[in-house]
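Have a look below at one chain only, the form predicted alone, in structure tokens format.
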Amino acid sequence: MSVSVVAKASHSCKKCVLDSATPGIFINEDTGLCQFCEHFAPLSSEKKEEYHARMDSLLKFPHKTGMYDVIFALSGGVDSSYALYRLKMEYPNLTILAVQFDNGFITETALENAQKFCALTKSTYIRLSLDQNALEETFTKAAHSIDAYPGAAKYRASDICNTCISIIKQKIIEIAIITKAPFIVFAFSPGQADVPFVKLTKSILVWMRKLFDQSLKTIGVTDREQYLVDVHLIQPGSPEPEVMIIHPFLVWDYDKIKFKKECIQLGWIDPLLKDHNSSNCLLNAFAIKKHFDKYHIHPYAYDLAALVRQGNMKREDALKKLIVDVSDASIEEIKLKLKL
């Protein structure tokens, strides 16, 4: 027996996968398009070349300020494994620290994949672990929470995933500041990130920390400091951080099917999860279902719609990803672990 959740509605955009059942989405009856598709303009070839040139200027001969040039967020999934490999192939001079956050639900295969690709790229690997009991309690509270994250965030990730991703961002930024690494690289898809380069100023970091702290407070987390950037690193009088986030998939062409084939040829192993949207985390499918039950929003719809709109994915493939089909046993296993 399986549980299926399908994001459907009577008025769907004929170009992407968004529909009028999702809050804030409007379908023009004349064109059949959502407001995003109606106003979408593809990135010009000139802009793409500008992005490539800028990334080359930053990463070919980085100004070394500490032990590492790049702090890389490595999940062990397809996108991050491929991005790490390509980054090192295009910029062989980079010294990279790859950080894999073990949230307690990462598959053994994903842990092995991460270490394998670090060896392949001669990157330093660290497995970041936090108190597992505290994490599970935090994820449980996130599962029960309502409107802990702003609307835009709620539409682009589940409450559980928003919590996990925010922890990763905070801790990786902290590592970058401490090690004086000038760059952080995330392998977010073009549907998950909006701009390829983000300069982190102290004021931005203070704002990010405050925003996440408020979300954790809304969720009901009392011991929040363990998840946040060390406040001493961004307090008044501390040095201005010299860190930039780079999203390379907003510069490179994005073709996940091609990435996966190349990764498998390099030794990456598919964990064969019963989840269309994750190749590393056992918690993701449950998080999607819980989010859909709460808000009637598939948390991947906006990202997948953007990929379709940009020509990075076929509409029929994106629609398949909006179906969650997981066994009752797997759901019960996660619920038992999270004490739900």
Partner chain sequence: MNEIREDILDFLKRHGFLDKRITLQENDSLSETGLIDSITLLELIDFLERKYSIQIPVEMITPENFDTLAGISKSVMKLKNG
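Positions refer to the first chain, counted from 1. Fair warning: this is a prediction, and the values are worked out from it, not measured in the lab.
Quick note: we don't show the form predicted together with the partner chain, though the next part is all about it.
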Report task. Evaluate Y295 for contact with the partner chain in the predicted complex, applying a 4.5 angstroms cut-off between non-hydrogen atoms, and reply yes or no. Result -> no
Query raised in the report: Using heavy atoms and a 4.5 Å limit, would one call L43 a contact residue for the partner chain in the predicted complex?
Result: yes
Query raised in the report: Any chance I204 has a heavy atom within 4.5 Å of the partner chain in the predicted complex?
Result: yes
Query raised in the report: Hey, in the predicted complex, is P150 touching the partner chain, heavy atoms inside 4.5 Å?
Result: yes
Report summary line: Among 65 to 73, 30 to 38, 310 to 318, 279 to 287, the stretch whose residues bring a heavy atom within 4.5 Å of the partner chain in the predicted complex is 30 to 38
Query raised in the report: Are all three of I25, R156 and M208 close to the partner chain in the predicted complex, meaning a heavy atom of each within 4.5 Å?
Result: yes
Query raised in the report: Here the chain is shown alone; which of H232, K199, K258, K217 has a heavy atom within 4.5 Å of the partner chain in the predicted complex?
Result: K199
Query raised in the report: Of the residues A134, M89, I264, V195, which one places a heavy atom within 4.5 Å of the partner chain in the predicted complex?
Result: V195
Query raised in the report: Which of the residues spanning 164 to 183 lie within 4.5 Å of the partner chain in the predicted complex, based on heavy atoms?
Result: K169
